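One protein chain, two forms: both are listed below as structure tokens, the first as structure 1 and the second as structure 2.
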Structure 1
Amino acid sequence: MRGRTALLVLPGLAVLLIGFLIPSVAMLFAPPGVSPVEVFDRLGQMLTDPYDQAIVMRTLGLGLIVTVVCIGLGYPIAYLLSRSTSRWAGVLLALAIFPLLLSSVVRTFGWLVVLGSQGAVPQLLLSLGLTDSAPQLLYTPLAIVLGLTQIFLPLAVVASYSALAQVDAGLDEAARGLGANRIRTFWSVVVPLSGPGVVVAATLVFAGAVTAYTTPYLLGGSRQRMLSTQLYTYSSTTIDWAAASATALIMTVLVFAVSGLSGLAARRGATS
């Protein structure tokens, strides 16, 4: 019986090893013709070189801003939807999930139409007489934050919603019945109980935002380089394996560290 169970797993495991685990480990530490020492040398250079440092800091900074904005907008959406009895709540929830199914290229392209020099926002500012010439909005940090928020907000809504749906609405009523006002109920009952779920949501958004490629590429271009666009340049344009591996290492460590920390935080939140 045990032998047969192993047979069920083996084909999938083989594909997982060849198509994912072995190549990933090999790439991070020993790219072809490059020794692990060189990868770590390049990593050391990147963490001290001002140009590379700026890219790491921009990636981290924009990732943090996007995370705060996504939770700041996504949690209220999830809260209102989870506490609403209106039949429109289902439709609104579906509208928030739907963008997840739509290609990130299509969604990001929308911002080119909105923010491009002939796009809606610059033309509106011009016709209102607020500026003399169409303002440059593309290839700015603002464009990247807007683009990444659009991409990851649905994720924040879905994750917050499933956390909030588990908080019994009866507890809200109990707190109100005991004399707490709406704001106090929200901050001392709803927020603490849904906290671990929000940590999960924030982790998903941050990990996605610091590794996303399409949005920084189209809305940041070469003026606002991030780790992901830099990784692509190293691997496809300059073919610098050591630098590509070092960049990939930074990205991977960043994502693993944040996931690990949030796992710890969620567990502590759940037990206290």
Structure 2
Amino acid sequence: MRGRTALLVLPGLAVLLIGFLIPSVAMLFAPPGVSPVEVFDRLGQMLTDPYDQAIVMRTLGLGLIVTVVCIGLGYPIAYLLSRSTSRWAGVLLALAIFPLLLSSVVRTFGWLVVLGSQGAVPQLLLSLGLTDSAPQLLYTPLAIVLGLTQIFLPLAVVASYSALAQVDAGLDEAARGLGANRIRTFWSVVVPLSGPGVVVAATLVFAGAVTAYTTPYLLGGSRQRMLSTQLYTYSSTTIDWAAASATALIMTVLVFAVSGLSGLAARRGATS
């Protein structure tokens, strides 16, 4: 039986190996016409260059901010949907994840209209007398955070909902029957049991925010460069494959490091 199961898995593993792992390793360590030594030399230069350091820290900082905002907004929504007994709960869940069906380019262009100098937000601030002139909200970290939050909030809702739906609602009633109020039940029962799912949601959001290209490019421009936009510049404009591979390595390490730390924190929280 196990042999048959292994045979069923082999085609998928072969596709994963040939179509993903081998090209990824080649891209990271041996891009066209560049040796691994050149890649690591360029990586060392980037890690000591203040300009590249600023890009790395900006990418890491904005990725963490977007992750915290998405989980902070998405988890309560997912909790309410998972505990709802209304016949409209399924419809509300579908509405929450409906933005995933839309192109990220379309949603990002919406922010260009809203945050532009003639957009709704600057004009509202101007009409309220909060500013003397329409503020420049585009090409700022705030614009990138807003755009990425809109992109990845539905993902956070879906991932959190899948974890919360597996937590038996009867445990809430049992905790309240033992004298715990709703707040204590939420923090002592629901959050610990759904913690691994929330870690998965946070990892997905962070990985997406760090590697996203379209939204940082359109809303951040050349003023707020991130690793993804810098990678595109190296690979398509300056054709510096060593720098492109070094940038991809940094992005990969960031994602794996944060996901590993979040998983370790979740395991410690589960055992404490």
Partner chain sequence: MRTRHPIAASLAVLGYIVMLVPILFVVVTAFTAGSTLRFPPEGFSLRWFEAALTYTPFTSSLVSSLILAVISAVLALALGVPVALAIHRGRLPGKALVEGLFLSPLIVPELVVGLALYQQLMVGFGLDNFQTLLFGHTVLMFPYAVRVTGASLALIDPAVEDAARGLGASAGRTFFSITLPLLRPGLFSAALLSFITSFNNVPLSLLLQSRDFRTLPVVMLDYVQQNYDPIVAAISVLILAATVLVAVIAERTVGFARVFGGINR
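Along the sequence of structure 1, residues get numbers from 1 upward. Just so it is clear, the structure is predicted and the values come from calculations on it, not from any experiment. Just so we're on the same page, rigid core means the largest C-alpha set that superposes within 1.5 Å between forms.
Of structures 1 and 2, the form predicted together with the partner chain: It is structure 1; that copy is the form predicted together with the partner chain.
After lining up the core, report the Cα displacement of P23 between the two structures in Å, one decimal place. That residue's C-alpha sits 2.9 Å away in the other form.
Core superposed, what is the CA shift for A14 between the two structures, in angstrom? Spelling it out: core superposed, C-alpha of A14 shifted, distance 7.0 Å.
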